[in-house]
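The form predicted alone is given below as one chain in structure tokens.
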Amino acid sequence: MENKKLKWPQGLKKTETRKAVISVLEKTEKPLSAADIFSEIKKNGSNVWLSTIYRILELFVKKGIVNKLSVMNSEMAVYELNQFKHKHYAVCVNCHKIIPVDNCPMEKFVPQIEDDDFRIMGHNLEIYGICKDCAHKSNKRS
């Protein structure tokens, strides 16, 4: 597991709830929804509102501490610490499990764009399918 310990950003007040959000994100291997983060914080006995978690996450996104990802054109976003690394994920269409992709399938892709001067700044790639757990459950029912 890579070291995800965050150095607290200057000028950002260090509240207990903000520290709790960072702590949850540091301990996870995959992006989490605000509701998932809220649940983890509540498990530790903290009294916090879900709306507060959303506000903290939006602040962290604005400050570049956290990345916000929309999965499968969903209204629900997931969040992860910004490790300043290029990442993609595969998502199970059945259980919505998020699985990291170890490589970027776009590395060698050269798009054919009419505008020769178009400068590509980045890309977003969605990979979706059925995870092995859901496929296994489906095969058992058949």
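Quick note: we count residues from 1 along the sequence shown, nothing fancier. Small disclaimer: the values here were computed from a predicted structure and weren't measured.
Although it is not shown, the form predicted in complex with the DNA is what the next lines describe.
**Q** Since the partner isn't included here, can you check whether the DNA sits close to all of 27, 71 and 104 in the predicted complex (heavy atom within 4.5 Å for each)?
**A** None of them does, since no heavy atom lies within 4.5 Å of the partner.
**Q** Does any part of residue 15 reach within 4.5 Å of the DNA in the predicted complex? Heavy atoms only, please.
**A** Residue 15 belongs to the contact set for the DNA.
**Q** Contact between residue 47 and the DNA in the predicted complex at 4.5 Å, heavy atoms?
**A** Because a heavy atom of residue 47 falls inside 4.5 Å of the DNA in the predicted complex, the answer is yes.
**Q** Is there a heavy atom of residue 92 no more than 4.5 Å from a heavy atom of the DNA in the predicted complex?
**A** Residue 92: no contact with the DNA in the predicted complex.
**Q** At 4.5 Å between heavy atoms, is residue 122 in contact with the DNA in the predicted complex?
**A** Contact check for residue 122: no, nothing within 4.5 Å of the DNA in the predicted complex.
**Q** Looking at 81, 98, 61, 77, which has any heavy atom no more than 4.5 Å from the DNA in the predicted complex?
**A** Among 81, 98, 61, 77, a heavy atom within 4.5 Å of the DNA in the predicted complex occurs only for 77.
**Q** Going by heavy atoms, what in 46 to 67 lies within 4.5 angstroms of the DNA in the predicted complex?
**A** If the 4.5 Å heavy-atom criterion is applied to the DNA in the predicted complex, 46 to 67 yields 47, 48, 49, 50, 51, 52, 54, 55, 56.
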